Ligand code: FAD
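The data below hold one chain only, encoded as structure tokens and taken in the form predicted alone.
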Amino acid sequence: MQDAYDVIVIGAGPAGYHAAIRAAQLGLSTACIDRSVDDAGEPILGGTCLNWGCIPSKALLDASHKFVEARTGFAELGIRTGAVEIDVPTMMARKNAVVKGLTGGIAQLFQGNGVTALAGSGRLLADRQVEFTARDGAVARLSAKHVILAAGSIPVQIPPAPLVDDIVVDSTGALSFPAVPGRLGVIGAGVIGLELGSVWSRLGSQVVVLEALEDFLPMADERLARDALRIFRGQGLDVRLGARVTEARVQGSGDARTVALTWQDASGTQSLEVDRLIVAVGRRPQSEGLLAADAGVTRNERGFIEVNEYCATGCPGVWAVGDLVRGPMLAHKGMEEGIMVAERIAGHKPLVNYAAVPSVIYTHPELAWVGKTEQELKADGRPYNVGAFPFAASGRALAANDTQGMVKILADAETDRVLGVHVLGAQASELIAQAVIAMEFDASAEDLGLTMFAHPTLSEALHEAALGVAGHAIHMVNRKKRG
């Protein structure tokens, strides 16, 4: 191991490994430090996203959705099956195999691009020095011309519901239940809570989701959030809003343990007994212990590292990206920041367009959006036009027997520039990319309306919504709405 590099990256999650690979591609000697280990205690790359977040959760979401389709949806299509059963151990084994393949792929990319992977923990010292503690406890001091902090985030814990073994768990534990819980409680109706609640609900759990806020998904478009709540409740998710948990007490012993939940809502004190409880109230930056007192980097009161629009800290040559800094805690946002920083170190001038960061909730139907919501535009007093198109009028959605949801486009009333796009429906996570591209190129709703879309496709819903902004939609009665 050498003791000096052009770039040292602390953290090998999406933001960190993208930064490290791109820096190495640009000819910079690069090391990436990460302390993550797998269940066997072996070093593993990819951070939370690949190991305990995005990837394993999507493996379970897709498997559980296919299970529901086979059990309840095939008959309507003329497909007859015998009894459909779930094999949780096999599902978990496949999830683990997917994770292992992807994390192993990062190790190969590091090797192929010349990135030095250092298994252990890193701490930033003064003058761009990094204290590296290897897994065997050996401590070395490394130096770099540039240091990129990419340590990621960890689940938030709350005093009323401390984690207990495998019965009161965070999002990581919820990905590894050995069997389907009979009754499952979820604290938090955000992205993580809804996705994990959906997985186990589809597999047979009676799921109650407790959300302290009175509004459902306030960061999403109000209309689509309202429709999504109705759909999720229809699928069996018992979502209770305005429910502030006051206690989660484990009772009983051995396999007979349960969790007694107590919460307050508008009607007073409520209680419920569940077999497992998931605490999914958000994540916080993993910045504690990352910085020496004289490192020269500022953290705010919430633990986020202060950076400018280029992800540069107040200390020359030190950068921070991903979940450690302001903005949504999204893997793709961190990836782009990591690449931007690596390229700026190499003398290039890229930017991240924070106005065009897509968000996705991988339930079914999926909910995805980019840009402004209608409530934000109203609050800003900005005039806008709306175009919307339901998947119930889409030929491809009807053919696929998957017609829930809609596409909604918001455009500036004067310039017609697309300000926001919101999708509730099948493959919303794929459709939203078209909206992101349009917004990156500063497209107008008319530009999208003049673009030819293949028929029949789900994408045509975006086309029709764009036409609807000016009242020109073909496959529905036009009622042009102005904000």
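Everything quoted here is computed from the prediction, not taken from an experiment. Position 1 is the first residue in the sequence shown; the rest follow in order.
Unshown form predicted in complex with this ligand; subsequent notes refer to it.
J.: Picking from 438-446, 452-460, 56-64, 411-419, which part of the chain touches this ligand in the model of the complex when contact means heavy atoms within 4.5 Å?
T.: Contact-bearing stretch, as computed: 56-64.
J.: Only one of 171, 403, 103, 205 gets a heavy atom within 4.5 Å of this ligand in the model of the complex. Which one?
T.: The residue from 171, 403, 103, 205 that makes the contact is 171.
J.: Looking at 387, 197, 365, 152 here, can you tell me which has any non-hydrogen atom within 4.5 angstroms of this ligand in the model of the complex?
T.: If I apply the 4.5 Å criterion carefully, the residue I get is 152.
J.: Residue 283 versus this ligand, in the model of the complex: is there a non-hydrogen atom within 4.5 Å?
T.: Contact with this ligand, yes.
J.: In the model of the complex, is there a heavy atom of this ligand that lies within 4.5 Å of any heavy atom of residue 350, even though the partner is absent here?
T.: Residue-level check for residue 350: no, no contact with this ligand.
J.: My question is simply whether residue 466 lines the interface with this ligand in the model of the complex - judged by any non-hydrogen atom within 4.5 Å.
T.: Answer no; every heavy atom of residue 466 is more than 4.5 Å from this ligand in the model of the complex.
J.: Taking this ligand as it sits in the model of the complex, is residue 331 in contact with it (heavy atom to heavy atom, 4.5 Å or less)?
T.: Answer yes; at least one heavy atom of residue 331 falls within 4.5 Å of this ligand in the model of the complex.
J.: Out of 1-21, which residues reach within 4.5 Å of this ligand in the model of the complex, heavy atoms considered?
T.: Read in sequence order, the residues that approach this ligand (within 4.5 Å, in the model of the complex) are 10, 11, 12, 13, 14, 15, 16.
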